Ligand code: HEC
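Quick heads-up: it's one chain on its own, the form predicted on its own, in structure tokens.
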Amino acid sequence: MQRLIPVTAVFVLILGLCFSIISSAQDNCLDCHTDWEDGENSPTQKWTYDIHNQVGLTCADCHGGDPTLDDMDDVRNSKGYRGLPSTAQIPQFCGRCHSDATYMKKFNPALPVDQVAKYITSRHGVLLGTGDDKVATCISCHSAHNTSPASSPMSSVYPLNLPAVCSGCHSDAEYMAEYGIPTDQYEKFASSVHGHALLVNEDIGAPACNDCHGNHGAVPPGVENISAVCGSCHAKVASLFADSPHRAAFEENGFPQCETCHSNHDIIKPLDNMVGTEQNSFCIECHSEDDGNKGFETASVISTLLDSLVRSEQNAIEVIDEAEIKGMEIDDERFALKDVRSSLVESRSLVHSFSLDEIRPELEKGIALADVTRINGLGIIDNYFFRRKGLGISTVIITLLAVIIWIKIRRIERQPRNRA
């Protein structure tokens, strides 16, 4: 028992030292603010889930001051106290850490450190520099005390959440009135092919606001760079258009390249009837038959060939589907249909070259392949009926033979037997 006393004493001493260290590291910021802030949306409640808190930062790391002091006046007068920044101060307030590459390496070496530099060049940053404190700053998008990594579904800037964050300001007609820009962008985007993919199908690979406008350096794309924005995803189409005769014509007339036909926020799924000389076609907005315009003729031929390929593919699919229903082997034909589909997809891209020499060979190749596949399918169906007919004839012959044999047996059975 006497040997245990020194061990117990050491244990008590260590426990006391630990308690002393914990007490000295006490964060009175949280203690005080928790007492007078109520509700789930209070900063102290949000801070629990904040990425800064999770990596070990405290209130003082952002706001400065000595968090062990009890009196608020003493905290304000303590070394390094920064308190609550004004709207104009927020970018530099956050940039104090986020622009320091050496410091940020301790937490996430892959995180960019040029956010503030980009923000200053953005439309938001430029307006903030003129004294406009209504524009978005870091905390407008990332929040102040509930920041999560952009890769987290809980983050306000996660792709599925970002459009709603942007629309918080940009869909508010009263708030945006002085800027003279539309406030229906979110509504249009939500109904677009991009918005449907992102918001309905939850495809986070689909573009959100920042994919076109940028994030920290956000600006409205001008006429001269819309093609670059779209081309970052639609590279092949952008390349085809750049080499087409339309590029020079669009530049001469001051038309934005992609937006002229596809719009911007309310982009619909491209349809084949967008090309051609019918009423709903975009081509006839510039090209007219009365002008003897070569573009009008080209559009008409492209539209006709596209329609032919679509019909040929559909006819081939219907025949192959029928053969499959009849239980025939159609693996080779299904594979051929994939090649037909590839030709159709390729042709729809080549439309942006606006050149018959580029488009016609691919369209005609697809049409020929679809026709061959349909003919092969019809041959398979004919083979099915041939087999059925052969089976029917065989069944009749076998049945007749069976009847003849049965009659023969009956005759033999009726013959009198010779008795010895």
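Please read these numbers as outputs of a predicted model, since none were measured by experiment. Throughout, we count residues from 1 along the sequence that is shown.
This next part talks about the form predicted together with heme C (HEC), which is not shown.
Asker: Please pick, from Ser191, Asn264, Asn315, Ser308, the one residue with any non-hydrogen atom lying within 4.5 angstroms of heme C (HEC) in the model of the complex.
Answerer: None of the others qualify; the residue that does is Asn264.
Asker: Can you pick out, from Ile330, Cys166, Val319, Val340, the residue that has a heavy atom within 4.5 Å of heme C (HEC) in the model of the complex?
Answerer: Result of the distance check: Cys166.
Asker: Using a 4.5 angstroms cut-off on non-hydrogen atoms, would Asn77 count as touching heme C (HEC) in the model of the complex?
Answerer: No, no contact at 4.5 Å.
Asker: Tell me, yes or no, whether Cys62 is in contact with heme C (HEC) in the model of the complex, where a contact means a heavy atom of each within 4.5 Å.
Answerer: Although heme C (HEC) is absent here, Cys62 would touch it in the model of the complex, with heavy atoms inside 4.5 Å.
Asker: Does heme C (HEC) get within 4.5 angstroms of any non-hydrogen atom of Arg374 in the model of the complex?
Answerer: The answer is no: Arg374 has no heavy atom within 4.5 Å of heme C (HEC).
Asker: Would you please decide whether Cys29 lies within 4.5 angstroms of heme C (HEC) in the model of the complex, comparing each non-hydrogen atom pair?
Answerer: Contact with heme C (HEC), yes.
Asker: Run the contact test on Lys326, Gly379 and Ile398 with a 4.5 Å heavy atom cut-off to heme C (HEC) in the model of the complex and return yes or no.
Answerer: No: no residue has a heavy atom within 4.5 Å of the partner.
Asker: Looking at heme C (HEC) in the model of the complex, which residues in 127-155 have at least one heavy atom within 4.5 Å of it?
Answerer: If the 4.5 Å heavy-atom criterion is applied to heme C (HEC) in the model of the complex, 127-155 yields Leu127, Lys134, Val135, Ala136, Thr137, Cys138, Ile139, Ser140, Cys141, His142, Ser143, Ala144, His145, Thr147, Ser148, Pro149, Ala150.
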